[in-house]
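There is one chain below, alone, in C-alpha cells, taken in the form predicted alone.
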Amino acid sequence: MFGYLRPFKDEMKIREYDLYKSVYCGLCRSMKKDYGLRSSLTLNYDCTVLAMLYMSLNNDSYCKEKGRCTVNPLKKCSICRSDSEAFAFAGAVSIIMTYYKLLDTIRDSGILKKAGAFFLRLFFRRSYKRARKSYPLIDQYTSEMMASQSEAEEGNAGIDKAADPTAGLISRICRMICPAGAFSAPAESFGYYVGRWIYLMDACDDLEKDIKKNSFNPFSSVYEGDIVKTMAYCNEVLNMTAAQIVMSYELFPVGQFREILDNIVYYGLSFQQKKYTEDRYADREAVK
C-alpha cells in the first residue's frame, strides 16, 4: 500500500480527527510490540484505514487512552487499544507489502536505489518472517500479486490489466477481514476498486518521472506524453474507479468509525485525486 487513503481534515470534527490519529498511533504501538521499533518505518495511512474497517465490520470493542509517541517519547498522544486482531492483521499487511516492495526495487531500480533497498530488506527480514509465519495467506497473496504485476509490466499491459494485480490483492485482503464470510461480496468489490484506485494514483504520482526514465507506466502513452492532457484523462479514470468504491462501500453496514470512513470515501479520495492530478499541473494549464 502507498498511503493515499487519507481523510480530508477540513471536513472532520476535532473528536473524529483525534480518534483517527489514535488508531494510527495504536497501530504503530502494536507493530512495535510485534516487530520492534523498526516497523514504524513501514506504517502508512492505508493500513490505518484497514484496521478501522476490520474493527467496524467485526464490531470489535476499543478504547482510547493517553500515552506517549512510540517514535518520540517526549510527545503526548491518544492511543487506541483493542483486544481484537485488527492491529495485528493491519501491521502484518504493512510489513509484508513493504518487504515485497523492496524486492521489486532491488529488481528494477538503478544501482543506488538497489543498494539501499537491499540493505533495508536485510533490516526488515526478521520482521517479515514473523509476519509471514502469523499470516501465511497474506504473504501468499502478495507474492502472487508481485508475479502477476511483473508479468503485466513486462508485457506493456494497458490500464485495466496493469491495475488488476493490486486490485485483486486488496480484494482478497478485504475478504479476509469479514466476520465468518459476512459481507464478503461487497467487501471484495470494495477492496478491488480501492486497490485499483491506489495503483492508478501511484501511476499518476510517478508519471512524469517514469516518462523521463522510460519506465513502465500505464498512462505514459496517452496523448503522446502531453502531461496536462494525460492528467485530465487520469482524473477521469480515477473518478470512475472512485464511483465504484462508493457504490461498494454503501452495500455493507459500517458502524464504528463511520464518520471517519465516510470522510475518507466521500471526501478524501477526491481531495487526493485533485492534489495529484489537477493541482500539480494547474500552472502549466494556465500557461497554455
Partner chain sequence: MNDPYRVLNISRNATDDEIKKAYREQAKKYHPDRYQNSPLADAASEKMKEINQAYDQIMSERKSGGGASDAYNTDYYTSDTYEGYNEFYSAIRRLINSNQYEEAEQRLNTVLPNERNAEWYYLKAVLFYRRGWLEDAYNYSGTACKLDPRNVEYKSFHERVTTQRSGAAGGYQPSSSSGCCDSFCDSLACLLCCDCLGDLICNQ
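It should be emphasised that the depicted structure is a prediction, and the values quoted were computed from it without experimental measurement. Positions refer to the first chain, counted from 1.
Same protein, other form: the form predicted together with the partner chain, not shown, and the subject of what follows.
A single residue from the set 260, 242, 57, 43 has any heavy atom within 4.5 angstroms of the partner chain in the model of the complex; that residue is 242. The listed set 114, 101, 161, 81 contains one residue whose heavy atoms approach the partner chain in the model of the complex to within 4.5 Å, identified as 161.
Put simply, residue 192 is close to the partner chain in the model of the complex: some heavy atom of it is within 4.5 Å. The partner chain in the model of the complex comes within 4.5 Å of no heavy atom belonging to residue 18. Not displayed here, the partner chain is kept clear of residue 63 by more than 4.5 Å at the level of heavy atoms in the model of the complex.
Not displayed here, the partner chain is approached by residue 251 to within 4.5 Å at the level of heavy atoms in the model of the complex. Comparing 231-239, 66-74, 33-41, 46-54 against the partner chain in the model of the complex, the single stretch with non-hydrogen atoms within 4.5 angstroms of it is 231-239.
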